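Subsequent text provides structure tokens for two forms of one protein chain, presented individually as structure 1 and structure 2.
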Structure 1
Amino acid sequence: MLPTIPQSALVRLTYRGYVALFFIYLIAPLLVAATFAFNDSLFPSLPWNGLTFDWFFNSTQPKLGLFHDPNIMRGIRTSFVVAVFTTTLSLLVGTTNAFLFERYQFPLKELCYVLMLMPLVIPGVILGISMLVFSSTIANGLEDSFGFEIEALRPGLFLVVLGQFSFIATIATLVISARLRKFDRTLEEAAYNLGGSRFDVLRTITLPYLKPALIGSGLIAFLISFENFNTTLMLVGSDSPLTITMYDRMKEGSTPVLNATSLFLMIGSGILAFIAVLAQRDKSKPAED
């Protein structure tokens, strides 16, 4: 709805009601999941048996809390390690891709750009299966031909990182490219004229300008990696990230400890998302005389 166009009271009321219902639709499931994390019951459902923090801090069965559950804590650590490696690779490649597509002309540039975007439109399950089949084919061929096994090409954390990196790097590229596209290159030219080397100009001018995009894309990459399920499910080995651990626990029977874990993820994701929004804001102001 455009605020400059006169609207009747009925239209404005309908629009506001639609927006309210939309946000209720988004938030209500999260509130229900978070509420049952505090229910003094062995099942995440009604009736409400009273308020408790056992599903976070209790150290004994049957109400083993989130911070005392070894499987869930191991899953959190594994997800953190995978997210750190995925984010680091995505930022390095994303920054390189941004400079490549924004600063240089080369044959088949448009085709390469489309190929870079393809992982975003391929379903995560298909992406994971394709990578698993490809890596397994190579591993089997090497084993049959030369008689040695490459464990990194079998399901495990290495493939999980590569699988997530294959599409998260594209997201990082788009975020950094959008920032780089608005950069005034005359600042670099002035620095070169003053005797600055290419590395000095990159370190003191270009990268500081890209800092909001680097921070924002890094936080987004970390969140997407930490909470990824579809691609991870196809590539995981014996060390399960948190999302796979929660999925396996659900098959055994859900308890409020999963609600507590979900609330933990909501809070952590919300904090990182808020930091990402702040980092994306351009705080630079025009110089005043």
Structure 2
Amino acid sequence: MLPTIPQSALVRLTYRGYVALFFIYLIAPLLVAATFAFNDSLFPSLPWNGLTFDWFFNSTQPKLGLFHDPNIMRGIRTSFVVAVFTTTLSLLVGTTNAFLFERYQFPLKELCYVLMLMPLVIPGVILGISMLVFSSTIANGLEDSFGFEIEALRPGLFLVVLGQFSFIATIATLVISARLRKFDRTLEEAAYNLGGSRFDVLRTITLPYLKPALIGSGLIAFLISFENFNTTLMLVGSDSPLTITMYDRMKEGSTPVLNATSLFLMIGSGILAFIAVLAQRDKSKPAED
């Protein structure tokens, strides 16, 4: 149970074997999905027909590569735009929420806090349809009463951004709050004492302290938005983000271009994860996390 407590060799080996198996289980599907991006075959399955990079770079059918597939490239662009907007909104609201809950006492704070957590325990599909229903109610109301149609309130990218933002904001709030809670408020008091205005103090002391959390939650928000499927599926219009495009292909059964896209996503995520780890590393407290 601990390195200091003697255990029979058999138990120790079995335990290690289990942990090893667990990690094989964790890695196998990712490894397989990535590997078949290089298989020179029209289907992402065995047999192995030899190594090829066609699924990335080839520009002709039937082996249309990832970088020449207009639908997939458009999906990536759409997802990117959606993720940028969602991240910005989430960071803004996440920061104000963090200050609200960490710095202020107000009536019904407990209730507000539970409400703030709610989006995490509501299934993404439900978040999507409730957004769909409510926006249609408004759009229909406006149309019936005033006779004009607001296109943004019909399924489309605007609703996708709002739908994703509705729960990603909670995640950003939690990450930023956690860091704000550890902030030593005497630093702010010292800065006031030394003659800084409230805004100066925020700009020069508090926000720099929050920077790792802001970068970290920003990257997480971007990633979650980029990968989101459930909420997006319910709100999407004619422009499909990448996950929706991939899903449609996957249902039909596709060429290994999907594997190439998967590998592309993995590398992208890996880079983001790497940046996030670097940013979260608190230089003043190397032992943390």
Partner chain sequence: MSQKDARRLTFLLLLSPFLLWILLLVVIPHIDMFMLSVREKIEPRVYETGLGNYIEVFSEPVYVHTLFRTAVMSVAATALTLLLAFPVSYYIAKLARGRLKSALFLMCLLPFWVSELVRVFGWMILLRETGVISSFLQWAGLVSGPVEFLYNDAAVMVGLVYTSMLFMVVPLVSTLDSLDESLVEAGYDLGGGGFAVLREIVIPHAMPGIVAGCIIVFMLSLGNYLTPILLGGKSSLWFTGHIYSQFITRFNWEFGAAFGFILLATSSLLVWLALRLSGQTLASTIAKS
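One-based numbering along structure 1's sequence throughout. Think of the rigid core as the biggest set of C-alphas that the two forms share within 1.5 Å after superposition. All values reported here derive from a predicted model rather than from experimental measurement.
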| request: Please match the form predicted in complex with the partner chain to structure 1 or structure 2. | output: 2
| query | Fitting the rigid core first, would the Cα of V11 be found 2 Å or more away between the two structures? | reply | yes
